[in-house]
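Form predicted alone, single chain, as C-alpha cells, below.
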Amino acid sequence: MTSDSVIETFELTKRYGRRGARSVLAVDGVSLSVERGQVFGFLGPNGSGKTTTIGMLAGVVRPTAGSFSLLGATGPRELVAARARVGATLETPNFYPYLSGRDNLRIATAIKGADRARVDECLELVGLADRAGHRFGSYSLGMKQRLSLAATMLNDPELVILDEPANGLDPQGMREIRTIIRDLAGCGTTIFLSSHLLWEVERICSHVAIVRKGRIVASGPVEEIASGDISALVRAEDEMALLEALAGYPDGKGAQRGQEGVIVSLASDDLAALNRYLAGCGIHLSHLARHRQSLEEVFVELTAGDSRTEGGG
C-alpha cells in the first residue's frame, strides 16, 4: 500500500452460496487503489458487483477471499476505528418523516458520536439551512438526498463513499449533488462513488474503474480511459461514399456512423494523410477532427452483451 492510498483492495472476492450451480460469484478478484484527494467513480452494469464491493468496504458484507485496507487499516479492530473517519451512504437513511431535517441530523449525531455543532454546518454545506426546520416528509427527493449527504458529513470524514448519490433525481437535483461533491473534493475529502449516470461521472470524477461480472476491466484517470484508440470525426456531403472510401483506407481500423458524423478508428494520428487519401477518392470533407470517446462509449464497448442481473449490485 502506498502512503497516499485511502482504499486499496487485493483480489477481493465475494461468493454467495457454496460453490456449484446455485452459487453466485458477485465480486471476482477485485484489485484497485484510490489515492487521497481523488474523486473515484466505480462503474458497472446492474449486477456487476459494485454494491457488494462497497458493502465489504463498509463492513456490512464479509469477503470470501482477498483483502483490503481502509485509511491504512487492515485488521478488524483497526478497520472499526478507520470507519469512524469514513462517511457512507449505502441507501437512503431511515429518517423520521415527522421530524425536521435538523432534528433528524441531531439524532444521527447521537448515533455517530459526532459533535452537535456539525449539524448546522452540514445543513449549510448541502444548501438546506433555510429548510432545516421543515419536516423531512415534506422534502423533495433531491432535498432528501442532500440531507442524506449532510448525515454522511457529520463526523467530518476523510473519505466519503456514495452508492448512486444522484439516482432518481431530475437535472436540477443532479446538478445540486454534483456541486456538493465538487465542494467536498475541493476541501480535500476523498470521494468514492458508484453510479450508472456516466455523463455525471465524467463531469465530476478524476479517476474511474469499470467492473463487469465482478471483475475490473479498466481503471485509471478519466482522460486516459476515455482516450481509447486513435479516432477521427469526419463529415462530407455524401456520407455513403465517405464510408465506402474509408473502408479502403490503409491506416483505417473501421468506420461507423455517429450522431455528429462518421467516426473512423485509425492506426496513426496523421489526419493530414487521411484528408489527402479522401481527396484522392474525390471526397472533400466539411469537417475533420480528432475524436475523443465519451466515458459512456467506452463503458458500452467494455460491457457490451453483459446481461448479468443476479446479485452483486
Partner chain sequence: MSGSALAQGARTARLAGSVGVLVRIELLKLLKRRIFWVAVVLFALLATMKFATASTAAGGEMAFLLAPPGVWPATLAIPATVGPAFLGLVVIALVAPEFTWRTARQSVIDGLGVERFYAAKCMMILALSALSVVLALVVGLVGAAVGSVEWESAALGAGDVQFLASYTAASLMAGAAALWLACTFRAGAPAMVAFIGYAVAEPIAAAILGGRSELLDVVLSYLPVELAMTLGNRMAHYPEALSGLREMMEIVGMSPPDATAVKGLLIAVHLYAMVLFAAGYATMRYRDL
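Bear in mind that the values here come from a model prediction, so they are computed numbers and not experimental data. Positions refer to the first chain, counted from 1. Only the largest set of C-alpha atoms that superpose within 1.5 Å between the two forms is called the rigid core.
Separately, the form predicted together with its partner chain exists; it is not shown, and the next lines address it.
Contact with its partner chain in the predicted bound form, defined as any heavy atom within 4.5 Å, is confined among 232-240, 121-129, 182-190, 108-116 to 108-116.
Each of 16, 60 and 94 comes within 4.5 Å of its partner chain in the predicted bound form, counting any heavy atom. In the predicted bound form, its partner chain lies within 4.5 Å of some heavy atom of residue 88. Within 4.5 Å of any heavy atom of its partner chain in the predicted bound form lies no heavy atom of residue 164. Contact annotation: residue 98 falls within 4.5 Å of its partner chain in the predicted bound form, judged by heavy atom distances. Though the partner is left out of this view, residue 213 does not reach within 4.5 Å of its partner chain in the predicted bound form, counting heavy atoms only. Comment: its partner chain is not present in this chain, but in the predicted bound form one of 83, 178, 207, 144 has a heavy atom within 4.5 Å of it, namely 83.
Once you line up the core between this form and the one not shown, the Cα of residue 100 ends up 2 Å or more from where it was. Fitting the two forms on the rigid core leaves the C-alpha of residue 132 displaced by at least 2 angstroms between this form and the one not shown.
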